[in-house]
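Okay, so we've got the same protein chain twice, two forms, each given alone as structure tokens, structure 1 and structure 2.
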Structure 1
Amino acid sequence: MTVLILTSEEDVTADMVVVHLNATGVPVVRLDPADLTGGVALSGEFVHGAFRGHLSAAGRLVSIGGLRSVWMRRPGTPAARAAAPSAWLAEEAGQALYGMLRGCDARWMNHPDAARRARYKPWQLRLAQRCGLPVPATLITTFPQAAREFAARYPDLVVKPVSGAHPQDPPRAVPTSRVAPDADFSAVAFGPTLLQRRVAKRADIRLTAVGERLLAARKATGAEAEVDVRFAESATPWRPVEVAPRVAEAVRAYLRDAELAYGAFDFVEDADGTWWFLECNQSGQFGFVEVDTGQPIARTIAEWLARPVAGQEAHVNGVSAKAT
């Protein structure tokens, strides 16, 4: 039984997991949907109520029915690198690839439907609070007056993109920034703007959830002006930290309700030690945390991907065999 990884060729984070899968002898096929219809090919026939077919990438051929798990790491837009790319071809390729994969018995990290839904930040905030995680006061608006009234209630604000990424190829992260005290907010009329009460933090927290396993790391805050840990010039390393039972229970509830097998949770810790939820990235990076802390995140993901589904069967040349 094979593990299928959907991601770009340059994804060094995926490389860390592949090393562990190779060490245990678990077959791995890695492909980027962006390479359809060039370096990646597919074929599936609907027979006896299911699609039976194959994927081909880099000279490797894998049976769709023989997949143990699928890791939706960071796949490109289907057929984006085809000889004649188009929105129509991207839709056709995506429908074909993900439509057939949805019909197999593989375990997903994360299922494409759950991953797409989990990207919506307003949805995240509502789910986090419902699961028991503290969430800072937040406003998303295109009304300048609404922004001014929100700023009057919460004078210390940060602004961040709703989607989290800049429309660039490849996408660039947009930093969270503090709002100037004299901001007039006229510009919010030109696009949805997310304003959030700034939590005076003493540390950033990255909690990586892999199935039921929770691996948290803490980075003590440096300068007062430091807002976005991703862009802070700080030599302070990430250190492993225990997850309080209440937080662990809430995070696992979030994962269950969101139907996620993997999530990278970002929190900020205030002076009282409370972890305030900022977001959950369903395909977030973890390499930088593992390098600093030594936490076995890549190995934990590999173990999850390598575990077969109960009763899963592979159909190869018409022969059925239980997965082991």
Structure 2
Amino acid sequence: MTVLILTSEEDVTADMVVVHLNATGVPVVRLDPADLTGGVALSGEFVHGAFRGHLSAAGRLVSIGGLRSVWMRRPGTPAARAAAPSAWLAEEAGQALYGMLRGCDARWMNHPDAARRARYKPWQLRLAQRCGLPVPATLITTFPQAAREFAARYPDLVVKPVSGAHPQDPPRAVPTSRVAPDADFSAVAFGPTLLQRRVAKRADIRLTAVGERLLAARKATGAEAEVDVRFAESATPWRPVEVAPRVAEAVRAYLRDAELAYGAFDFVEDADGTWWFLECNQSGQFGFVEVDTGQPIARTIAEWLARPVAGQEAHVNGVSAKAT
């Protein structure tokens, strides 16, 4: 049973996980869908009610039925590096590859459907609320009057994008910024705007969830509190921190409802020690946390990927069984 990793060639985070997988002898195939139909080939046959599919990369052939897990790390656009790339070829190659993979019994980190849904910020906030995580008062609106009323109720405000990164090439992250309550909100009418009560924080929290395992890190706020820690230079390192049982329970409920095997949760900790949910990035980076804290995130991911599929142990072939 093989672990399939879909990512670009240069991905040191994936390298970290592969090292652990190799150490345990689990067969790994790593490929970038962008290399369809150059270095990567595929074939699937639907005959007499059965499906047999194969992927080939770097001269290795792997059966789609023999996959134990699929790690959607940072896959490129299908066939992007083909001799004659086109939107049509990307669509055909993507349909073929993911259409076949979607029919397999492997465990996904994360499944494309769950990943897609998990990116919707309003959906995240609603789910976090339902799971019992504290969410700062938030408004998403195209009504200037609603924005004004919200600013009157919560004068200490930040504004941030509803979606993630700005779709430039390369994509540009848009930092969270403070906004004055008496700002001119009339432009809200031209595009949905996300306003959120600013939480006076004493620390940022990054909680990395891998399956059932939760690894949290804390970065104390310096003298100059940064609104958006992602864009701040800071000498303060991330330090491991315990997760309160109530938070752990809520985070696991979130992952279960979101059908995510991996999630990078961003919280801010207020003066009372409460962790306020900001977002959960289903493909969030973890290398910087592992470097600072020494938490075994890459190894935990490798262990999750290596876990056999329920009921598939019997199908482990000789090669896989021998590998150590």
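Here the rigid core means the biggest group of C-alpha atoms that line up within 1.5 Å when the two forms are laid on top of each other. Sequence positions of structure 1, starting at 1, serve as the residue numbers. Predicted model, so just to flag it, every value in this text is computed and none were measured.
The form predicted alone appears here as structure 1.
Comparing the forms between the two structures, the C-alpha position of F150 differs by 2 angstroms or more, with the core used for superposition. A displacement of 2 angstroms or greater separates the C-alpha positions of L139 between the two structures, with the rigid core held in common. Comparing the forms between the two structures, the C-alpha position of R197 differs by 2 angstroms or more, with the core used for superposition. With the core fitted, the CA of H48 sits 4.1 Å away from its counterpart between the two structures.
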